[in-house]
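Take a look at this single chain, the form predicted alone, given in structure tokens.
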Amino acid sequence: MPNMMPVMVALWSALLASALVLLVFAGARALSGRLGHPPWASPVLTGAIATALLLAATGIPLAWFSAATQPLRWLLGPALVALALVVEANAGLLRRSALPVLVAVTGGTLVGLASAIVMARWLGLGPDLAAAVSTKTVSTPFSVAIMMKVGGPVELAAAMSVTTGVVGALTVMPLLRRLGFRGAGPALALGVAAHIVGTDWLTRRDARAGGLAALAFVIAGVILGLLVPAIWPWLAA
């Protein structure tokens, strides 16, 4: 029976920490809804800030909390697999315009990765921060999955991804509209630049455009999921 104590403690820790995360996220989502779902009130961003403040106020060690919420990280795998439904929903577009869509999204993803690496080296950022910035162009589930695979800074990468998504959601569409871009292009650009945060905002206003943005961030995530591990030794150097 004494041997069961560590297991029971770990189980209760996981349950309590996971329940805390889900409750905070539910509250953040309700707040976002009351505000009209603006990009700056993304539930992921406000939920993360609220959780960080709660941990600081209660003195809960970050290492304990990170270990206790490991089951939630495991759920990222099924969540990424479920994103295949986004591709299926846009199968018609891919059949009609596969080459332009893939070229546009691939180009935007590679430019985002290259600019992040160049800026990180130019600013002299440390290895962890430079590595986290490399996945800022993809949605949080992808950036976390990539960092877990290569052993990079998971929490930092997630924070960079969410911040990039909020900034992109606030700036990309107004800028492209001001420049006169119309049609599928702005939606695809928003999906690459602001991934899930921008896609959520756009879907609430235009379901079809939101589907295009979702397709873009899924393709971008797959591209970086293949590319970043391949160049990781150089990124982490």
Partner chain sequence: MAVRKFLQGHAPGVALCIALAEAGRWLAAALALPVPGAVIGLAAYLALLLTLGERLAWSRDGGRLLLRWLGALLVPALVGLGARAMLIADAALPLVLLLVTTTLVTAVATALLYRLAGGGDS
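Positions refer to the first chain, counted from 1. Note that this is a predicted model, so its numbers are computed, not measured. In this text, the rigid core denotes the largest set of C-alpha atoms whose superposition between the two forms falls within 1.5 Å.
Keep in mind that the form predicted together with its partner chain is not shown, yet the notes after this line are about it.
Enquirer: Heavy atoms within 4.5 Å of its partner chain in the model of the complex: does R205 have any?
Expert: Output for R205 is no: heavy atoms all beyond 4.5 Å of its partner chain.
Enquirer: Report whether the minimum heavy atom distance between V162 and its partner chain in the model of the complex is within 4.5 Å.
Expert: Yes, V162 sits close enough to its partner chain in the model of the complex that at least one of its heavy atoms falls within 4.5 Å.
Enquirer: When the contact criterion is heavy atoms within 4.5 Å, does L226 count as touching its partner chain in the model of the complex?
Expert: L226 belongs to the contact set for its partner chain.
Enquirer: Is G183 close enough to its partner chain in the model of the complex to count, meaning some heavy atom within 4.5 Å?
Expert: Residue-level check for G183: yes, a contact with its partner chain.
Enquirer: Relative to its partner chain in the model of the complex, which residues of 42 to 74 have a heavy atom no more than 4.5 Å away?
Expert: Residues within 4.5 Å: V44, G47, A48, T51, A52, L55, L62, F65, T69, L72, R73, W74.
Enquirer: Superposing on the rigid core, is the CA of G36 displaced by 2 Å or more between this form and the one not shown?
Expert: No; that C-alpha moves by less than 2 Å between this form and the one not shown.
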